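The form predicted on its own is given below as one chain in structure tokens.
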């Protein structure tokens, strides 16, 4: 069959679909991208307005034996890098009587700004009437503007900071240091991660990995054995036990908190990492998931293996587990994400004060309190907590999709 030739309209529709999908994908990914970008910024760069996606740091040079930031000035069409000397000078801001704003002199259109020492007062003043009927006095000065001697009014005066060319100390420029533009370069602050790890997050990361691997491995093993038993082994009361076990899913966690907590205290597991692993290695959901998947495997294969002398254990690990890789990968992802992001139970059984046994969710609370004024460090901790689950999902997504599609086909 000859494939249908795509028309111009078809190409335009596809192009529009790709554009919309790309736009929505970028919209969904933007918070994650901004989090990673902020984790590589300095604290001052986080509060820069307008916000910037890339991390920038000020350029510093050695000036008088100490590092000094370099400021960017455009003078006579040429860009020059100047440093702040720390000295100030009194400046006058001069204009004409037509351009002066009597209501708010600082909003006047300024023709020239020069040091007050370079302006000569004439002794005359100009009185201008405001809207409320009051008058404002403005002094008159002789100043040099573009090579001409002019008589102008002083709208206002103020202090400006002195900047100097580090390569030519005789060249000076005056401006407000708060509004002067600093010369910056893209600079990824990877030391943010070292700083965050120094706040006990390294220990918390190790504890979280131990807990997550323990819970995930435990749930996979118990679910595989339980799913096989409920799907393939005939014993008295099997269906009743399975329904009762499955019904435990309907029990809210808040109902189990107090008895589980008392149990952990009575056996001495309070404030220990083992209390975050053992109570969660059994999962009715995982047993149900694998039971349903095992039931789709033809019984003839198992019967042939039994006739060949294979044991139940060998059949399970040699046949059922390899055939159920998508379902096992799906359960592994769910178990990993649950254990990695667990917060309420670690908060109750470990507590905020037991820092050596903290997991990431608890350390993030402490980090948000310590670095409340440093959002770059807080988002660095968030990146450390988020990146591992993303990597796991990316590596296992093929099996996860296979599990979903195969379940749909078999259903």
Partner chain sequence: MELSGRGIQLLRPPSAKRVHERIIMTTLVDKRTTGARAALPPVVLVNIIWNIFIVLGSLLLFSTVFQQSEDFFDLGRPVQVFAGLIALVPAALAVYSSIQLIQRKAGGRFSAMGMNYVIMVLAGFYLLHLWGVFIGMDNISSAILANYQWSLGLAVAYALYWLAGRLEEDTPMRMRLEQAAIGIGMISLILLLWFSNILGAASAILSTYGNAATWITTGVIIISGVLAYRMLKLGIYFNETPAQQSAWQGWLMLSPNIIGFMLFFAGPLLLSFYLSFTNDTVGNIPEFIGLQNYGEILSLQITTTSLETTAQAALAPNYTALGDITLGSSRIVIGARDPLFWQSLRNTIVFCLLLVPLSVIPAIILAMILNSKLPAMKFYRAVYFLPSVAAVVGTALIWRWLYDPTIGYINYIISQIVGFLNNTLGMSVTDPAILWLTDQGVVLFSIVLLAAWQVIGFNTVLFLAGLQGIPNTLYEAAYVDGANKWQEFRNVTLPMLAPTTLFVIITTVITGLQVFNEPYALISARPLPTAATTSVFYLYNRGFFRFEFGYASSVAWILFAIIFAITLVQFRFSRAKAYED
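Whichever C-alpha set is largest while still superposing within 1.5 Å between the two forms counts as the rigid core. Residue numbers count along the first chain shown, from 1. Model, not experiment: these values are computed from the prediction.
One more form of this protein should be noted, the form predicted together with the partner chain, which is absent from this view; the next part is about it.
Contact annotation: the partner chain lies within 4.5 Å of heavy atoms from the stretch 258-266 in the predicted complex, the single such stretch among 149-157, 100-108, 185-193, 258-266.
This chain lacks the partner; the member of 328, 143, 277, 83 within 4.5 angstroms of the partner chain in the predicted complex by a non-hydrogen atom is 277. A heavy atom within 4.5 Å of the partner chain in the predicted complex is found for one listed residue only; from 296, 120, 72, 113, this is 296. Residues 35, 234 and 310 are all found to lie within 4.5 Å of the partner chain in the predicted complex, as judged by heavy atom distances. Shown alone here, residue 351 lies farther than 4.5 Å from the partner chain in the predicted complex, counting heavy atoms only. Contact annotation for residue 229: at least one heavy atom lies within 4.5 Å of the partner chain in the predicted complex. Although the partner is absent here, residue 245 is a contact residue: one of its heavy atoms lies within 4.5 angstroms of the partner chain in the predicted complex. In the predicted complex, the partner chain sits within 4.5 Å of a heavy atom of residue 347.
Residues 368, 372, 375, 378, 379, 382 of 368-384 are found to place at least one heavy atom within 4.5 Å of the partner chain in the predicted complex.
Core-superposed comparison between the shown form and the other one: the CA of residue 95 stays below a 2 Å shift.
Comparing the forms between the shown form and the other one on their rigid core, the Cα displacement of residue 308 reaches 2 Å or more. After superposition on the rigid core, the Cα of residue 194 moves by less than 2 Å between the shown form and the other one.
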